[in-house]
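We begin with a single chain expressed as structure tokens, specifically the form predicted on its own.
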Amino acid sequence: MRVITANVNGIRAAAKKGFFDWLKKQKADVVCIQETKAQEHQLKQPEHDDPLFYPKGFYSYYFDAEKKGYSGVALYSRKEPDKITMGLGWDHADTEGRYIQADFGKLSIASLYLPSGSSSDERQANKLKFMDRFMDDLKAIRRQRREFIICGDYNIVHKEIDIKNWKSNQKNSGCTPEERAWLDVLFYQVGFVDAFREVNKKPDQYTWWSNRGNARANNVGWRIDYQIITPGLKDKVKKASIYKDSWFSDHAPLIMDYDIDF
């Protein structure tokens, strides 16, 4: 089974950059999208009335933010899910369109867009509140008799290996000790697994680059996009790659192959 996660930083902008043409060739089973920045009805307007945003061969689901042009997640699946869950049942996650989950038998796959706190101290405080609340949901997930792949833009690096400029970013959102400690709890106490690091231990493996200062050209990046899995899937991880041959947004798609029948 192949699962792709990608923050597209605006699904209509990514489409113009060839995202859906690329996707046709990827043989993906499930695709998790973050930051659609669109209301679904906008994708159905006459000027966009084509199957582009509903890829052929996939069941397509969108969960929008209430605010236009902001946040939003989507999920495409080759197989029709048994159930789709939109949101987490609490305001910050649901009004901002930050979580969608598809269930297939005993397996659930989700697309998550965890908030960024880089724009202001207030947004950082909101991010930390979201993380605290979401941790309760993650603990509840671990009590279920299901396997999970929670894909998405977590907006946090975990270790020094996951960011180019470690020391200079310690006070910046996404690399603060408090945020990285949250991932420590997620992995070492709650028991989730960073699927990418199961098969790739190398440095300089980034999924996001600033648009400033030739960061992309110089590979001055951050690894903030993840596929986080329950431990029952740990031995099912077969291959991981970060696609950088074409650029659809400031993030790169993360492609993971699992030894799972789908």
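Predicted, not measured: the structure shown is a model, and the values here were computed from it. In case it trips you up, residue 1 is the first one in the sequence shown, and so on.
The same protein also has a form predicted together with the DNA, omitted here; what follows describes it.
A.B. asks: Are all three residues Thr36, Tyr70 and Ser118 in contact with the DNA in the predicted bound form, where contact means a non-hydrogen atom within 4.5 Å?
C.D. replies: Yes: Thr36, Tyr70 and Ser118 each sit within 4.5 Å of the DNA in the predicted bound form.
A.B. asks: Just checking whether Lys244 would be counted as a contact of the DNA in the predicted bound form - the rule being heavy atoms within 4.5 angstroms.
C.D. replies: Although the DNA is absent here, Lys244 would stay clear of it in the predicted bound form, with no heavy atoms inside 4.5 Å.
A.B. asks: Can you tell me if Ile11 lies within 4.5 angstroms of the DNA in the predicted bound form, counting non-hydrogen atoms only?
C.D. replies: Contact check for Ile11: yes, within 4.5 Å of the DNA in the predicted bound form.
A.B. asks: Using 4.5 Å between non-hydrogen atoms, is Lys238 touching the DNA in the predicted bound form?
C.D. replies: No.
A.B. asks: Would Tyr154 show up as a contact with the DNA in the predicted bound form if we use heavy atoms at 4.5 Å?
C.D. replies: No, no contact at 4.5 Å.
A.B. asks: Work out which of Lys27, Arg212, Lys202, Lys56 lies within 4.5 Å of the DNA in the predicted bound form, going by heavy atoms.
C.D. replies: Contact with the DNA in the predicted bound form is made by Arg212 alone.
A.B. asks: Looking at Arg146, Arg133, Lys79, Arg123, which has any heavy atom no more than 4.5 Å from the DNA in the predicted bound form?
C.D. replies: Exactly one listed residue reaches within 4.5 Å, namely Arg123.
A.B. asks: Which of 227 to 235, 58 to 66, 190 to 198, 204 to 212 has heavy atoms within 4.5 Å of the DNA in the predicted bound form?
C.D. replies: Result for this chain: 204 to 212.
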